[in-house]
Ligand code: PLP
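Single chain ahead, by itself, as C-alpha cells, in the form predicted on its own.
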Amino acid sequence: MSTPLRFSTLAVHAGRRPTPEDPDLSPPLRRATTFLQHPEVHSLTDAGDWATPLVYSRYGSPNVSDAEEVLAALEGAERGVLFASGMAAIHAMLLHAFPSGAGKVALARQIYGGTSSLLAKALASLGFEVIPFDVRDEGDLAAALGAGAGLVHVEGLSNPSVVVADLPRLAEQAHGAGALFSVDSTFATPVVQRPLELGADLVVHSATKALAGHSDVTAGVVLGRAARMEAVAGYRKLTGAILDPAAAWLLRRSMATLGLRVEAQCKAAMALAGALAAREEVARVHYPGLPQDPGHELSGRVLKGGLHGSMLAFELKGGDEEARPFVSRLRLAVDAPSLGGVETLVSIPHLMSHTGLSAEQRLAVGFGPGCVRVACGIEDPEDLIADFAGALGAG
C-alpha cells in the first residue's frame, strides 16, 4: 500500500504475515533454543553475519524478531531490540551511548528512581558520571552540557508527577552541544508520544508496562537507527539479556490492542484527575490534562491526539501519614508497583519508586508530602471515581 498505515492498523498488521507455507493467523510460539545449520546459513555466518539466520536463541528467535518489528513500526524507528526487562534495556542503552567508553550523563531530576540507582550503583564504577538537571530549566541543562555531558536522558512524561518534557527544545540543546538525546517513553507509549519524531536519538521502554499491558510479561526495548541498534543487539548477544520467546509472543499478542487500551486509560485518568482536583482532601493533582497543570500548554504541542497519558499523581492534605491508610481503603484500585495494565494500580512514591529521598529532593523531583501515584486501567471511569471518593471520604 502506498499510503502509510495508521497506528491502530500497524498494531494489528505490522510484523509477520500469514502465508500459505506459514498459515497460522496468530504467530506460532517457537520455543526452540537452537536451529539447524545448513549451507544457506553457513554462507552468512562464515561471512560474519550471525544476526540474519537462525542460529541460537541467545542471538535471536522468530518470536522476538516479530515483536521487535512491530515495536519499531509503532515507534517510527528503524529497529528495536528487546531485552528481558526494562532495566536491562536502559543499561544497554546507556552503555552504547558512549562507544568509546563511559562518559557524563545529563540526567533529568524528574526520573524513575531505578534509573538513578543504576547509574549510581552499577555504572559509576565503570566511569559514568551523572550531572542532574531540572528538565524544565533550559539554563540547568545548558550548564550540564557545558560540563561535558555526552548524553541527555529524560522521561517524556516523568515518574511519578507526570512532568511534561519539552522534547524538541531538549533535543535542540543536546544536539547543539554534540550530545545524544535519549527518552524513556514508558509513561507515554507511542500512542501518546513518539520521541524520535521530536528529535530523540534513542527511545527506551519498560515493555512490562502498557506495551504488554496485562501484568504478565517482563520486558524492555531500545529503539533507534539501525546502525546504533546493531551495536545494542551485539551487546545483548554477549550478555544473554534477550527476551524469552514466550514473553515475546505475549507481548506481540498484546500490542494489537495497545491503542484501544491506552486511549481508554487516558480517558479514565482525565476523569479521575478532574474529580480528585475538586476534593477538599486533596492538596494538589499532577496531570497535564488539567488546565491548571504547569505542563498543560506544552502537552498540546508534544503529545498526540489530545491525550495526556494514563498516569497521574495527587497529594493528600493529610501528608505522608495519610497516604498508606488512604490506599488501604481503596476497593478497586490495587496497591502494586507497576503501571499500564488493564487494572488500576496505586503506589506511594516515597515508599516505592523514590525511596530514601529527603523532602527537598522529593520536591525537586516534582512531588510533595502525601503523594499517591495512580496508573489508570480500563475500568469504567465512574467506578474509579467512586472508589477514590469512598476512600477519601472514609478518612
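Residue numbers here begin at 1 and follow the sequence given. This structure is a prediction, so every number in the text was calculated from the model and none was measured.
Note that the form predicted in complex with the named molecule isn't included here; everything after this is about it.
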(message) Partner absent here, but in the predicted complex, which of 179-187, 69-77, 98-106, 230-238 has residues with a heavy atom within 4.5 Å of the named molecule?
(response) 179-187
(message) Is it true that Tyr287, Ser347 and Val372, all three, sit within 4.5 Å of the named molecule in the predicted complex, judged by heavy atoms?
(response) no
(request) Please run the contact check for Thr208 against the named molecule in the predicted complex: heavy atoms, 4.5 angstroms, yes or no? (result) yes
(request) Please run the contact check for Gln265 against the named molecule in the predicted complex: heavy atoms, 4.5 angstroms, yes or no? (result) no
(message) Under a 4.5 Å heavy atom criterion, is Gly86 part of the interface with the named molecule in the predicted complex?
(response) yes
(request) Mark Ile90 yes when one of its heavy atoms lies within 4.5 Å of a heavy atom of the named molecule in the predicted complex, and no otherwise. (result) yes
(request) Counting non-hydrogen atoms within 4.5 angstroms of the named molecule in the predicted complex, say which of Leu258, Leu316, Ala219, Leu276 makes the cut. (result) Ala219
(message) Just to make sure I understand: among 155-173, which residues lie within 4.5 Å of the named molecule in the predicted complex, judging by heavy atoms?
(response) Glu155, Asn159
